[in-house]
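Just one chain follows, in the form predicted alone, and it is written as structure tokens.
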């Protein structure tokens, strides 16, 4: 048997093992699926989908250490594997590695949008990314709030000590001293309220929200008429409703949609400063 024929036979056997693993996975027989994918990997270790399929089984069993290992191997073989970056991000989040986990989920989002902007995985990845970003913000916000409160109390204590000292030293001007003390306390309160604004939930500005979903933009595109929409939503409208702009009613085709980089950057800057806006429920 020639080397080429032998290699083809091995590849065919590995592919059959993958199919066996897929069948076991659909039956929730994750252990058997892992065994099948492992055999396929032993035969053809350079096929990334075998690694991501096995990682998915480990994910179903909450074996996040092995999910991480398999996804890292898959990424070595294919830097553009959406599933590998996605599941690696989830595994890192399980270890509370928020920054790295978010980085992997964002990579998966970018790759997924390029492949299929309206695919089911994009919404799933976004939900996990938003959840991770919100948890990251919540963790950091709690720390900031605690630090601000301690600092505020220390400043108030220092002002009170100064006021008591001034009240003793300045006879006959008690009213003026008390008034100055009150004004300083009010100013201090304003300073700390301003410092806490970024962590205080409010309304997201309308210009950062899609006209169709009313949600904050994820992947904004602009039409020739100047209206910005969420890419997946306007594509769905064009496919299912008709080839026209839903607001201006002007003729519109997918090829005319252009990424709105200005709005995308504005959304990124807003979310960086207001992590509470990632909350999706």
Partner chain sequence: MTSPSPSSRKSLSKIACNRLQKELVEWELNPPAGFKHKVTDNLQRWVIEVNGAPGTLYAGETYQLQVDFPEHYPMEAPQVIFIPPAPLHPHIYSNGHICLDILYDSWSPAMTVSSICISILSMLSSSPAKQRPADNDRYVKNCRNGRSPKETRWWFHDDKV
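Numbering follows the first chain given and starts at 1. Given the structure is predicted, the values throughout are model-derived calculations rather than measurements.
One more form of this protein should be noted, the form predicted in complex with its partner chain, which is absent from this view; the next part is about it.
Q: In the predicted complex, do 20, 24 and 27 all put a heavy atom within 4.5 Å of its partner chain?
A: Judged in the predicted complex, none of 20, 24 and 27 sits within 4.5 Å of its partner chain.
Q: If we define contact as a non-hydrogen atom of the residue within 4.5 angstroms of the partner, is residue 42 a contact of its partner chain in the predicted complex?
A: Close contact is absent here: in the predicted complex, residue 42 is far from its partner chain, nothing within 4.5 Å, heavy atoms only.
Q: Counting only non-hydrogen atoms and a 4.5 angstroms cut-off, does residue 222 reach its partner chain in the predicted complex?
A: Close contact is absent here: in the predicted complex, residue 222 is far from its partner chain, nothing within 4.5 Å, heavy atoms only.
Q: Indicate whether its partner chain has at least one heavy atom within 4.5 Å of a heavy atom of residue 66 in the predicted complex.
A: It does not: once its partner chain is placed as it appears in the predicted complex, residue 66 has no heavy atom within 4.5 Å of it.
Q: Can you check whether residue 62 is within 4.5 Å of its partner chain in the predicted complex, heavy atom basis?
A: Contact with its partner chain, no.
Q: Specify the contacting stretch among 42-50, 213-221, 252-260, 27-35, defined as having any heavy atom within 4.5 Å of its partner chain in the predicted complex.
A: The contacting stretch here is 213-221.
Q: Even though the chain is shown alone, can you say which residues of 124-147 have a heavy atom within 4.5 Å of its partner chain in the predicted complex?
A: Just 127.
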